[in-house]
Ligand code: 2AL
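First, one chain by itself: the form predicted on its own, in structure tokens.
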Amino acid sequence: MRIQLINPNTSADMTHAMALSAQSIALSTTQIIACTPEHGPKSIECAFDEVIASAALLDLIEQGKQQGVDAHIIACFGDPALDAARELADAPVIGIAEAGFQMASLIAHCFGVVTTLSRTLPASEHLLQKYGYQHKCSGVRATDIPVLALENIDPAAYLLLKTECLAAIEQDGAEAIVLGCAGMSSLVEKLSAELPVPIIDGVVAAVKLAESLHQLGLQTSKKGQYGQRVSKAFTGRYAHWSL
């Protein structure tokens, strides 16, 4: 199968790191097609960033649809434009936050989330509530490590991340940890070796879910919420979306 892995920010280095993580866990018959938008924020760390990034993300979803990919992964923990992408795509679209929560719920009674900036805590809590996992989450913790600092994380920042993971385990009672940023994907192996609970990266979780849906022959339902978008004219820079 072919999986389109979309990094909604414009950091090509981060996209490359995600692609390596995704390909390392994928089946030998799975091709990972990693994409970076041409326009948008260098990192996504607030609601404004997310909205701006979403338009370029949807262009990439349409591009993948035209290429006939078998699944799309939105590799940003905010799962930006996920519902819109599912309206647009025929193949499954998986957000890495939802994928991480689903995997964690299968192997632990409760899980913790460790993310980047404190200002993103409400967004993570909103997703837990939206997806129905709030009762399974022991808490969401922030490291206040900027997203771009994860590309070449220094020892002090790594220690901070590990410390928050330990606090989630020892103080909050987390039995597994979901990493709250796609940029943390390359750190899973090291954290798993040093922490006493399973560490879950949404990028690789999404890859395995995508492969499972493909093997089961399941596509996005086009009845109801994710039905075809409403036909209408668009103007200006979005005129290409006119139907």
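Residue numbers here begin at 1 and follow the sequence given. Given the structure is predicted, the values throughout are model-derived calculations rather than measurements.
Separately, the form predicted in complex with this ligand exists; it is not shown, and the next lines address it.
K.L.:
Please pick out the stretch from 104-112, 153-161, 71-79, 136-144 that is in contact with this ligand in the predicted complex, where contact means heavy atoms within 4.5 Å.
P.N.:
Of the options given, it is 71-79.
K.L.:
Residue-level question: is Ser54 within 4.5 Å of this ligand in the predicted complex, judged on heavy atoms?
P.N.:
It does not: once this ligand is placed as it appears in the predicted complex, Ser54 has no heavy atom within 4.5 Å of it.
K.L.:
I'd like to know whether Gly64 contacts this ligand in the predicted complex, with contact meaning heavy atoms within 4.5 angstroms.
P.N.:
Gly64: no, not in contact with this ligand in the predicted complex.
K.L.:
Using a 4.5 Å heavy atom cut-off, state whether Cys181 contacts this ligand in the predicted complex.
P.N.:
Flag for Cys181 set to yes.
K.L.:
Would Met14 count as touching this ligand in the predicted complex under a 4.5 Å heavy atom rule?
P.N.:
Judged by the heavy-atom cut-off of 4.5 Å, Met14 is in contact with this ligand in the predicted complex.
K.L.:
Heavy atoms within 4.5 Å of this ligand in the predicted complex is the criterion; list the residues of 10-45 that meet it.
P.N.:
Residues within 4.5 Å: Met14, Ser43, Ile44, Glu45.
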